[in-house]
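Presented as structure tokens, the chain that follows is alone, the form predicted alone.
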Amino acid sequence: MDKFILKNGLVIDPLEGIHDKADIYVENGKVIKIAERITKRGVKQIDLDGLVVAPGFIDIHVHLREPGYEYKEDIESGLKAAIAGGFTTICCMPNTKPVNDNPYITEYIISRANKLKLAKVYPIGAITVRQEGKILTPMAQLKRAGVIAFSDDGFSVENSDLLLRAFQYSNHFNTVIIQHPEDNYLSNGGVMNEGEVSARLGMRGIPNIAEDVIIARDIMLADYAGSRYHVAHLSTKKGLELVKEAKKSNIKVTCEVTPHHLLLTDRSIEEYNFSTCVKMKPPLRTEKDRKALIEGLKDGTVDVIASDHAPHHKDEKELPFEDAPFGIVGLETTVSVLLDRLVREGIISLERLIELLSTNPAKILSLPGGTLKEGSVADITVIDPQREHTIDPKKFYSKGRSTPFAGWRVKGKVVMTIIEGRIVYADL
């Protein structure tokens, strides 16, 4: 369809301050008009009474695995998972094989995604060659090829001088440095959060300070360089406090948190009987850290919720806990678990959730979307806040199946995903 009217939905757009029942007229991939009632002869009407219509959701932290690890996930399976989860746009991390540290890999990813015509894909380029932390990538060439930010996600850039130069170069491209905050010397091969639970279980722990010390250093470097800095998958109370203080000082810092760090703690390892579906990095932290992240959602310190979708083959995740890789899937569970456990419980409003999943990600990475204002691209996510369902990994489009949310009975579901005026997913 090149034109249609979305009728009777509750339209919520935090950027435009819209929270009203309204119709939306879409034509040629654009939002043409929003009004209380729109009637056009010969134009298809889609009744969305009782449903919520939001700007398309954007996940800025996704591992698509292709090229090189297609047995874990490929671009097609990842994008099918994205649209089923309500994401019109995703940003993919560079830890592929080969690493996205040169324009040829960037162009390959974009080309593959464009041919599929599913979710939009914006690659994030590596900061250092092969993510080894030794030599900066050709950042200018990567930016021209289509990279929208830089990260060595999975690794911190521990060389402060190298990272400072990356910050300084990023100023020329008006882009963002995204850091995986972890001091590997302090994490020292840990497999879960360091604390009372790890001590009782006899497992090597990853202390909060391994994350906090990198965040503190990076904020100082970003301030010195006058650069934009985004903290990936922040998980600690102290790290959040550092970000909050930096913002008060007008340092250009933003941060994201994940659904699993908002909803689970290190005690889940016992509760899930050492299942590797609760093994991720950063690890699940304490209840004190979890509550701090929730407060960060409420007071505005947290800017984005991202899935950190990190699929692995089932044979890898079925290894003993200590030996299995870090990472779980999240594209197809994020919206539902947040609607059920945060919005339905009254912890945050639906408007705030949409801001965290759409408005802010678009703003931070300067992406199209994040709004439904007239003339904007028609990237739209439709959710049914009353739809109950059980999360079943067997029904995932992703090749990954490892999720701690399997079997959860939740209320709230994505029922339609529209990209540039094309209905690419519908479950009405």
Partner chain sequence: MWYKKDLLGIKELSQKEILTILDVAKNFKEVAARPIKKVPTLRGKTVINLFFEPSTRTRISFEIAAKRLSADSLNFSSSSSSLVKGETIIDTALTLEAMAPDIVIVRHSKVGIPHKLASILKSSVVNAGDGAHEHPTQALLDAFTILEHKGKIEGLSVAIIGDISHSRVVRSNIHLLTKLGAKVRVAGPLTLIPPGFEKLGVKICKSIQSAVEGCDVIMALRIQKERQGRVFIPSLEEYYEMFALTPQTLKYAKEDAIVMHPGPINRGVEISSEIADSPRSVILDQVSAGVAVRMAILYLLANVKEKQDG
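Numbering follows the first chain given and starts at 1. Only a predicted model underlies this, so the values are computations on that prediction, with no experimental measurement involved.
The discussion below concerns the form predicted together with the partner chain, not included here.
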Please tell me which of 320, 346, 226, 189 lies within 4.5 Å of the partner chain in the predicted bound form, judged by heavy atoms. 320
Could you tell me which one of 173, 274, 326, 104 places a heavy atom within 4.5 Å of the partner chain in the predicted bound form? 274
Should residue 194 be counted as a contact of the partner chain in the predicted bound form, where contact means heavy atoms within 4.5 Å? yes
4.5 Å heavy atom contact, residue 132 to the partner chain in the predicted bound form: no
May I ask you to check whether residue 315 falls inside a 4.5 Å heavy atom distance of the partner chain in the predicted bound form? yes
Tell me, yes or no, whether residue 200 is in contact with the partner chain in the predicted bound form, where a contact means a heavy atom of each within 4.5 Å. yes
Please pick out the stretch from 107 to 115, 164 to 172, 135 to 143, 265 to 273 that is in contact with the partner chain in the predicted bound form, where contact means heavy atoms within 4.5 Å. 265 to 273
